[in-house]
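One chain comes next, on its own, written out as structure tokens in the form predicted alone.
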Amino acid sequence: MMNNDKMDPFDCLIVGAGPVALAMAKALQLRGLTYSLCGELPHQRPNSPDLRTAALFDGSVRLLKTLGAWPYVEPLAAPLVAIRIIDATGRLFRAPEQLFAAADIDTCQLGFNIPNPVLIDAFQATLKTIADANKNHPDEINLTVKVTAINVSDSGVTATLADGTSRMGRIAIAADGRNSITRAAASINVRTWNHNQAALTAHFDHEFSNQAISTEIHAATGPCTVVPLSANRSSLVWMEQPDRAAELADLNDTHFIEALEFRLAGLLGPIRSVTSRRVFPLSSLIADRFAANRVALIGESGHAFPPIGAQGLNLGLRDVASLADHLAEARLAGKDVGSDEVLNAYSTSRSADILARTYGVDAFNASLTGGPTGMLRGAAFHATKASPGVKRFLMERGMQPIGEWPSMMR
């Protein structure tokens, strides 16, 4: 390992090791900016693997193709041709069942469902080709050592790693999640709130084909969502109150299958097998700005919310593509990539999209508990049922950014 203190700083210091951080590294490489990627990949536990998946819409798929990750992902990506929503809240004013199909917006599929570990492996494969080709910066990609401290100065940002070495960049890109130490070092404040919910994740095999349709069953405690992995295998994200989610996760396979079959009400037929389960507490977070003091926020360092409507990673990947555009334009113009001018432009450009998704998901989640928002939700679903034009508008708004597409997603 080399200590970067006595070297010229990289253009960018990326802190994190998830899909958003890895995508950012590849995007910067394609746009001609130097970077140091620092973070520690999550350890895979054999008895409790990461079973989360990401339903990526077409814009995100276009980004994966631009970054060269799609050939690694495609064999394990399950196409999604429709999203079905079923109201199981049991209320008097029940929303009608809805099917939002790709055909409604004149396309072949809405996107693809991809396991998180597959995305990480794909981005690692694309980054390895960079490391092999570029021997001048052997420490550009470091995914084995945790970042322990961040120091922001007028001229750049320095990351200290657990092995005692350090890296410096003119700008730090915070991709280190909800508890971001990079964001904290930049004195960017966040608003957080708890939903008294947890998400249980698993994969399961079932007798009936899912027909490439993702289904959300909306209950008063949150959605139970099943997303295709193949025709007869689906991923599960079951939102419940934390105690109930933990109770379900602790059931043996037989009793858990019984509970899941009851929740699905026969939708996918008998369940043949199920993996181990993991539970994640749910909360929301939004930063009061998305860049400041030589730090730019991407992904969950700047915004986080419950897994509803497949918005989370799609939003984070739009951060990646947008920031890559801003930094490349600044470098081409001879500007300091970490200057207030560049950071303010990025933050302003992302604000409307991020605010709309974060508070939109929050309002939709709140509507499941009833009250006036529940009535509005039911009325909105009746309107989309009656009007193809309204349905098309809502689908396009849900899958497209507010504002222009970043260049890598066009």
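Worth saying up front: this structure is predicted, and the values here are computed from it rather than measured. Don't overthink the numbering: it's just position in the shown sequence, from 1.
The same protein also has a form predicted together with a small molecule, omitted here; what follows describes it.
S.K.: In the predicted bound form, which of 339 to 347, 357 to 365, 34 to 42, 62 to 70 comes within 4.5 Å of the small molecule (heavy atoms)?
M.R.: Of the options, only 34 to 42 has residues within 4.5 Å of the partner.
S.K.: Only one of Ser234, Thr215, Gln197, Gln311 gets a heavy atom within 4.5 Å of the small molecule in the predicted bound form. Which one?
M.R.: Going through each option in turn, the one that passes is Gln311.
S.K.: So the small molecule isn't shown here. In the predicted bound form, which residue out of Leu251, Val145, Ala184, Val152 has a non-hydrogen atom within 4.5 Å of it?
M.R.: Checked against the cut-off, the match is Val145.
S.K.: Taking heavy atoms only, is Ile173 within 4.5 angstroms of the small molecule in the predicted bound form?
M.R.: Residue-level check for Ile173: no, no contact with the small molecule.
S.K.: Taking 4.5 angstroms as the cut-off for heavy atoms, does Ala27 touch the small molecule in the predicted bound form?
M.R.: Contact check for Ala27: no, nothing within 4.5 Å of the small molecule in the predicted bound form.
S.K.: Is there a heavy atom of Val20 lying 4.5 Å or less from a heavy atom of the small molecule in the predicted bound form?
M.R.: Flag for Val20 set to yes.
S.K.: Report whether the minimum heavy atom distance between Phe280 and the small molecule in the predicted bound form is within 4.5 Å.
M.R.: Contact check for Phe280: yes, within 4.5 Å of the small molecule in the predicted bound form.
S.K.: Taking a heavy atom within 4.5 Å as contact, would all three of Arg52, Thr201 and Pro307 count as contacting the small molecule in the predicted bound form?
M.R.: Yes, because Arg52, Thr201 and Pro307 each have a heavy atom that approaches the small molecule to within 4.5 Å in the predicted bound form.
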